[in-house]
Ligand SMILES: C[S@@+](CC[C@H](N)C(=O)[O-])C[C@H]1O[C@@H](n2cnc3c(N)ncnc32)[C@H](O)[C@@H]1O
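Take a look at this one chain, the form predicted alone, written out in structure tokens.
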């Protein structure tokens, strides 16, 4: 089974399209913050969440419950694709329904391997994978740049180092983030 969670009007063929509202006529109406989700343990091969996760988990407890449910329903090695607006882009800042900034670095904290490495190195990173009881390896990540930064980078008028500095200093450099996670289960 493949789930398109928070589908809105962007339904995908071959997926069970799920949304919290019936206004977009999803296959299943379900509020993802209400757990447990209506799928069996280890029954899902793939989850897609496009511009959804930033709408969920205003509190840490609810956010963790969403991640735990993703982990619970997914089979070992299932893929989870998450696309979110960059938290320093106007698309994130202007939408009153956005309750959580999601970053690639933040998602990487839900990898048990990363947490174990940070603990061994004596780093101060919170071992979120262990606290939440999940394990997701990030197998792919992508940053979509906003214009004019995208063109400047592609033309070579802005170096990678300058771009990284701009991402830390300015809003509206990156438009959105994409992470593909692999579910790690024995």
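Since the structure is predicted, the reported quantities are computational estimates derived from the model, not experimental observations. Positions refer to the first chain, counted from 1.
Unshown form predicted in complex with the named molecule; subsequent notes refer to it.
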Quiz item: Quick one: which of 126 to 134, 156 to 164, 49 to 57, 143 to 151 gets within 4.5 Å of the named molecule in the model of the complex, going by heavy atoms?
Solution: 49 to 57
Quiz item: Of these, 44, 67, 138, 32, which has a heavy atom no more than 4.5 Å from the named molecule in the model of the complex?
Solution: 32
Quiz item: Looking in the model of the complex, any heavy atom of residue 17 within 4.5 Å of the named molecule?
Solution: no
Quiz item: Is residue 169 close enough to touch the named molecule in the model of the complex, meaning at least one heavy atom pair within 4.5 Å?
Solution: no
Quiz prompt | the named molecule contact at residue 184 in the model of the complex, heavy atom, 4.5 Å | solution = no
Exercise. Evaluate residue 21 for contact with the named molecule in the model of the complex, applying a 4.5 angstroms cut-off between non-hydrogen atoms, and reply yes or no.
Key: yes
Exercise. Pull the contact list for 67 to 99: residues with a heavy atom within 4.5 Å of the named molecule in the model of the complex, in sequence order.
Key: none
